[in-house]
Ligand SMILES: Cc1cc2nc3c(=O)[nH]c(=O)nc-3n(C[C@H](O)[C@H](O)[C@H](O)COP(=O)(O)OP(=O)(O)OC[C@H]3O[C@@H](n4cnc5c(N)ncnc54)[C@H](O)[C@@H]3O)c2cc1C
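The data below hold one chain only, encoded as structure tokens and taken in the form predicted alone.
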Amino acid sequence: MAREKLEDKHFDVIIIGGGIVGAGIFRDLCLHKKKTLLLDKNDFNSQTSSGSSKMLHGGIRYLENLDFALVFEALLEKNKWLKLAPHITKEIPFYLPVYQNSKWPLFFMRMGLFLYDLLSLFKNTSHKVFSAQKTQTLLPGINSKGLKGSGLYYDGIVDDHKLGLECVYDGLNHFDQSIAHNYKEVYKVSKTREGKYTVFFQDTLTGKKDLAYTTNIVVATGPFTDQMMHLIDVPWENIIYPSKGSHLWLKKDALPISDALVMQTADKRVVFIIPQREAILVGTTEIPVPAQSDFNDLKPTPQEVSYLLEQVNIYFPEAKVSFDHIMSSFAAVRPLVKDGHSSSKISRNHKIYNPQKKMWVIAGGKYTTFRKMAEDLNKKLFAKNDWSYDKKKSSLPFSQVSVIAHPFRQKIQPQDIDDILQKELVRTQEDLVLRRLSLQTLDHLNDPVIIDYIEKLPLQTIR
């Protein structure tokens, strides 16, 4: 599975960007036997695609924006991936408490949850509505002041690292002429009079330079889109509205709950509390960031951390959650596409651009809809090249999954680590810990033997 040598430098397609969308496009092309080169300046799925709320969801909050088509599409994709990748996805209940001053009153919430189930074509597990008294029983410690009741609906959680990685692994397994390179930064693209492209890239760990040739280029760099297009010197007007989202991992005993919760904040935002991975995930914030900022490996600010803790304590005042309950944190930039509004009102619909002949740029969208985004782009690419496209291929189950296929139910052994190093394109300790083992830190592992084994490996660290 791990193929790294670039001997024949000519490809049908070169994809710049190995996040979830680039990985989905890569898999779809490989399923169609198109020789493809995937390049990412970092590890695959290491930036925005690993900074999500770990959810596969329709986006219940988009109903108030009347984005019914987006919610419908996302719900179909969510339920598709729950079936295609059950080892890294799971449907779970989400409680939505309603208070006297909530953004969504109880009657609106009832209608919204019914509409949400309707848009899933009733493939979601059916919603329920509870009284204030029942809600306090179901959610021990919930703030009872002004509580009117709660709704219960179902969405999915996902190992967001592994879903993207397994798209890459599956693509390589289906077509051995394709290649996936992490830590390869594109610094130049040139075009001949005949319309051929030369892509120049450099290994960010070793400094070694290389190049490859193609007739088709796809740019799938998420929030880095504007920066990439200016770097490769293509005429381009900025389209990205960069918005930073931060999350916290709390110790699993920080709150007395076992199910997920949707908090409606006083500033009219939505923050999720999701018990998973022997911890509790809390997020997200939403902070605009300057377009020319460095979006790589972001961290939450102290203000964002305090904001999230404050929201948790408003809903669970007796828990007194503090900085001491935080195991780790992470942040990333959402790839929103400008439409002149605030980032909280921008729809998550994706857009495809064609700035030059046989060059496609895709931006926007949601993590959940990445397969459909890949399909929409590849339809255009295939039509331009007079290739036959079969949209059923990307709905096939994975033929190749991770060595650790069940990261939170599987005891990790030293041999597993060795197999990962051999098969899964690992180049740094962060690749192994954060993405192949799906841990925020080694402390999440709680296994001194494996921690010691990993720390003694001759792997570079980059953070």
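Sequential numbering from 1, following the sequence displayed. This one's a predicted model, so the numbers in the text were calculated from it and none came from an experiment.
Below, we turn to the form predicted in complex with the named molecule, even though it does not appear here.
For the options 394, 402, 438, 49, the residue carrying a heavy atom within 4.5 angstroms of the named molecule in the predicted complex is 49. Heavy atoms within 4.5 Å of the named molecule in the predicted complex are found in exactly one of 164 to 172, 126 to 134, 177 to 185, 376 to 384, that being 177 to 185. Heavy atoms of every residue among 42, 224 and 332 are located within 4.5 Å of the named molecule in the predicted complex. When the named molecule is considered in the predicted complex, residue 242 lies well away from it, no heavy atom lying within 4.5 Å. Contact check for residue 78: every heavy atom lies farther than 4.5 Å from the named molecule in the predicted complex. By the criterion of a heavy atom within 4.5 Å, residue 429 is excluded from the residues contacting the named molecule in the predicted complex. Although the partner is absent here, residue 214 lies well away from the named molecule in the predicted complex, with no heavy atom inside 4.5 Å. The partner is not shown here, but in the predicted complex the stretch 14 to 29 reaches within 4.5 angstroms of the named molecule through a heavy atom at 16, 17, 18, 19, 20, 21, 22.
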